Structure formats: C-alpha cells, structure tokens
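What follows is a single chain, given as structure tokens, in the form predicted alone.
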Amino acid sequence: MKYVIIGGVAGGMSAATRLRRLNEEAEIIVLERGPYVSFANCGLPYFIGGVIKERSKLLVQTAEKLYQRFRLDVRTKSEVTRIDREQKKVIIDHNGKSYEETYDVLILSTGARPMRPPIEGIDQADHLFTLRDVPDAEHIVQYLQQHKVDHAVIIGAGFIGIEMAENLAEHGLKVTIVEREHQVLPPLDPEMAIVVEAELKKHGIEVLKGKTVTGFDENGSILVLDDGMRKKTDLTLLSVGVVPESSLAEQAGLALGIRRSISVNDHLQTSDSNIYAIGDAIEVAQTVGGRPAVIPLASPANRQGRMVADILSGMKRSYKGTLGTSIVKAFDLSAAVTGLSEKLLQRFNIPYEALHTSPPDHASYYPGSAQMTLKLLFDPESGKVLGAQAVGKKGVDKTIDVLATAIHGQMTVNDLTELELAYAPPFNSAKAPVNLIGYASANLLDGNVQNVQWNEVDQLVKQGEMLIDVRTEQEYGNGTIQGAVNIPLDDLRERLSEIPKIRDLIVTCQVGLRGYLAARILAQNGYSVKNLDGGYKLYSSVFPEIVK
C-alpha cells in the first residue's frame, strides 16, 4: 500500500509513524508545505517570550531523523496544489517545480489557518503578525530584535492571545488586548474568565473588552476601534481564531461540514472512501450532546492520527468525539475547561445545574496551599457531568483532567464522590477538589439544598427576598452584598426569631459551605431558603464595584 499524507505536524506525523509501526512494507510519503515537520507549535509563544531559548527545542523531529528511524519519505517545502480523485494522485509544487504523486490512500492533515478579517487597511499594516508555525514565530522574534517596540496590541483574548500577552509583557513590552466579546477567554463562562482578567491587569496588561478593530491607519501604527478610540501600536498580533484549511478538499469535491470543515465519518473517512482526514481541518462530534463542532487542538489531532493508522491497518476503531479540554497559563494563574460551558448549554437548550466551589489545591494546613475556583455543570435529572472549568494558581490541570475523564466515562456527580484519588498533604486533600464538588452537586441533585446564582441574587433581593450573610461580623464589615443582613452561622439557631417565615430567604457566606450549613438549619426549621452558589467570593469577583 502507498500512503500519502498531506501535512507533517501533529496529526499527520502521528499517522505516519503509527502506520510504519504497524506495516513495515508500506510506502509512506509525507508532504509538508513548510520548512519544518513535527514541530511544537503550542510552544511558539514561549519561544517568542524567551522562555524556550533555542528554536531547536521546538523541532521534535526532522525529515532526516524520520527517514532514519521510520523510513518515512518526508518532503518539506512541498505544497499540494490539487487532488485528482479520479486518477488517485496529487499535484505537488516544490520550489516552483510541479510534479505528481499517486496514492492508494490519501490522508489530509492540513490543519487550520489564522483568521484574517477584512478590516480596512489590514493589507497595508506592515507590523501585523499572525502565529501559526515556526517561521511566523521567527518573524516576530526578528522584528522585536530589529525594531524599537514599546507597545504591542493583541487582537483577540483567546488562548493564544493570552499566552502572547504574557510573553510579550515578560519581554518588557506594554501590552493591550482588544477583545470583541465582553470577557477574555470566550470558551470560559464570564464569572470564571473575570479572575483571569484581574490577573492580566495585575501584571499591567490593558484589557479592552466589547470592542472591535475597524481599521488600521498609518501603515498599521494606529488601530481604529468601533467606538472611535485610536490606539498606537508598534507591533500587532492578530489572534481572532482559526479557520479549517479545507481548500484542497473543497476543490476536490469532498463533502464539507460546518465552518467549511472537512466532513468525516466515525472512521475519519471523507466522502471519498480512499481519502481520510484528521486534525484541525475536520468536523467532529462534540462529546457532550454529539453536536457538530470544529475543535482545533493538538491532543485530538494526535489521537486522530494514531487512530486513522489503526483503522487503515484493519483494527476496529471509531472516533467518538472531542471534548475540547484546554488549559492556558496567565502569569501566576492557570485556567482550564472541559466539556460544554454554561453558555453553550444555554445555546443548545440542554438542561443543566451549575455549581461553584473554592477548594484548596492540597491540604490547607500544609504550606503553600492555594485556593482555586471550580465550576461543575451537570444534568439536573441524572447528575451526569456535562462540563467543568477551573481557575487557580495550582492544581487546575489535574483537577480538570480528572473531570474530563469523568465526562468521557459518562460519570455522574455521585460517581465523583466515590473517586479514590491520591492523597498526602503536599499533593491533595483527603477530600479532593473533585470529591468536594461531587458532594456539593449531589446535595443539589438530591434536593438537600437549593441554589441561587451570582447573576440572579440582586434581582431576587429587589423582589423582596431576604439576604442573610452568615459570615462573622468582621468578614461582613470588610464587605458584603448590598441589602444583606448579618447573622453569623454560629448564632443562627439562637436568632431564628429575628427571621420572618413569610419571606423567602437567600443565605450567603464566603464560598458557599457555611451558606449550605445555614440553609440546612433554616430549611429544617420551616423556612423557604436558597444558598448563594460560590458565595461572596464569586459574587465580588464579578461585581467588585457594587459590594459595600
């Protein structure tokens, strides 16, 4: 068999090396239009920022090493310009010369390209950059070395935008982020993203939300925003997302999916039985709910590459979908997400419950403990886990990884309470963050407590519900939610006579635990009561200007 693979980075090279391990006799050709194959594109922002000091560290393999070890015919600077499905061949341009290569099976791993909106003056902006591959990173590094760059503007506050903001700021630049949405990190829900925004601002990043760049003036030295603001910049990074690199597939008449992605079945096979596709260019099923999605991430691309090689070697495999598990570093914080966000659950009309906790990353009595903010989304009937998000200094990665595994295994919140996770004081708590949010969610599921969300409480208080802050007098004096009265938890039983039973109650504390205890006391004394999910800590992070 003769396999031709278009694209030699994550998915393409995973497919090629796996094919060789399974079939020593196959002819395997990898065609890569760029100068490098198998490079660590997720490390590019850290190369620009100087964290990764040597370019060679980004180059996982070279064409020569791949031939030596795997006998792969890897051809760089070789761009496929056309697919001839009828003749089962591809047309390749190499250094201006065109030639043909036949195939028995063709694998498309063409990736995604940075989005370039039709903004007025964009073609005349001479220090506007995008970041996709090693040459892009090298161009930015060279520009920083050869020009006086004091101020950088990043258009887009997604994962790459945040990573680049941190690395350029660490490089000594003043950095501004312009984001069209009203929050940074749009994959997260707003009350989680606001914590990351505060971290960016703490480190001197200017964050302009709800604003769109409408033009470039003076050869890109001035950005014009939709509200009339004009922002001077010495370097601009365009980081507003990516689009599937599907032009070859489209020209060949292959079926396309959403956002012009390449449509594949669960065997990663396109509408042509001899052509397969993997990676950022394809349409996948989002694991929670099975809806079509385009999820450009390195981990799924690598898994798809391995799987397509297994399938082509006769193994029974099927791709079950992509969760979208992601994590980003923002200075001293990490932010991670898996499954569906609350925004997406609302968009897809999927019923859910949301719950927030603020557990320590390890035993709080052991030095160095740091609190994280954790959010769980689950089905209100079955308790099945639908999504999770976490923001914190430590422990975010392993917590989200456990919850991603739980979603993959179709586990419920009750299952989370039964997970036995590694514990010793330096590493975890006896009740791990995943266990704790499982307990809290199970209480909600079982009807032991009812919750109110951070974005609902103000309206309910205006409508006449009584808000009781059960923290200590000192905590209450340091700041509380407007309209709250203070009855500390330890005094609550003795002061029940002060609370009218004719009013619906909301209780709040710092993070939700004492509020839950208060809600149980009040409910068993005949009161109609709800607990403010996430407590004062979550509410005040979203509305710092209105707490007293």
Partner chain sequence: MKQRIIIVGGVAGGASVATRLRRLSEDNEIVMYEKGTYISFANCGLPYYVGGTILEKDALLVESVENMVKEFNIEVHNNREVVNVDPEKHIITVKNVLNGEAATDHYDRLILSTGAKPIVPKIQGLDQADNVFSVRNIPDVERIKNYIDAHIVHKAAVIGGGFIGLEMTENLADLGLEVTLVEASPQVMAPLDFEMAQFAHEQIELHGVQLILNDGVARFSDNGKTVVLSSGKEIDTDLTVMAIGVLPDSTLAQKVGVKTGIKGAIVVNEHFETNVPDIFAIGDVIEVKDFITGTPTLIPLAGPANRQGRFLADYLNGLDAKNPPVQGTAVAKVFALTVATTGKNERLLNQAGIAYQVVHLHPNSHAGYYPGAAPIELKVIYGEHGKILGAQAIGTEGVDKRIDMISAVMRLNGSVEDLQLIEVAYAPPYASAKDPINYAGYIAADQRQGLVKTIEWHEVDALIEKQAYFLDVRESFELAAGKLPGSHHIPRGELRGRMAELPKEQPIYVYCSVGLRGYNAARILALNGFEVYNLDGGLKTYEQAKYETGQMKTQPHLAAQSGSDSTTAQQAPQCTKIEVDACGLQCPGPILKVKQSMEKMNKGDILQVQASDFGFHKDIVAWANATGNQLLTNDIVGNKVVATLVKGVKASHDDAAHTLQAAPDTGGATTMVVFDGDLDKAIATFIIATGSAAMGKPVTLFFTFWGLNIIKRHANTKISKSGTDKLFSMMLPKSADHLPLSRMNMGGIGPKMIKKVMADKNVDSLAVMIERAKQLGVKMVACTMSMDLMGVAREEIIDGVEFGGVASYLGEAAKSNVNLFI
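Positions refer to the first chain, counted from 1. Just so we're clear, the structure is a prediction, and the values are computed from it rather than from any experiment.
Another form exists, predicted together with the partner chain; not displayed. Remarks below refer to it.
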query	finding
Region of this chain that lies against the partner chain in the predicted bound form, out of 206-214, 351-359, 459-467, 395-403 [heavy atom, 4.5 Å]	395-403
Contact assignment for the partner chain in the predicted bound form, among R259, R132, K88, R75, heavy atom within 4.5 Å	R75
Interface residue in the predicted bound form among V224, L254, L421, V141, criterion: non-hydrogen atom within 4.5 angstroms of the partner chain	L421
Site test, S382, K384 and N451 vs the partner chain in the predicted bound form, non-hydrogen atom cutoff 4.5 Å	no
K537 within 4.5 Å of the partner chain in the predicted bound form, heavy atoms	no
Contact test in the predicted bound form: G34 vs the partner chain, heavy atoms, 4.5 Å	no
Partner proximity in the predicted bound form: G483 to the partner chain, non-hydrogen atom cutoff 4.5 Å	no
The partner chain contact at V511 in the predicted bound form, heavy atom, 4.5 Å	no
Heavy atom within 4.5 Å of the partner chain in the predicted bound form - qualifying residues of 286-319	A298, S299, P300, N302, R303, R306, M307, M315, R317
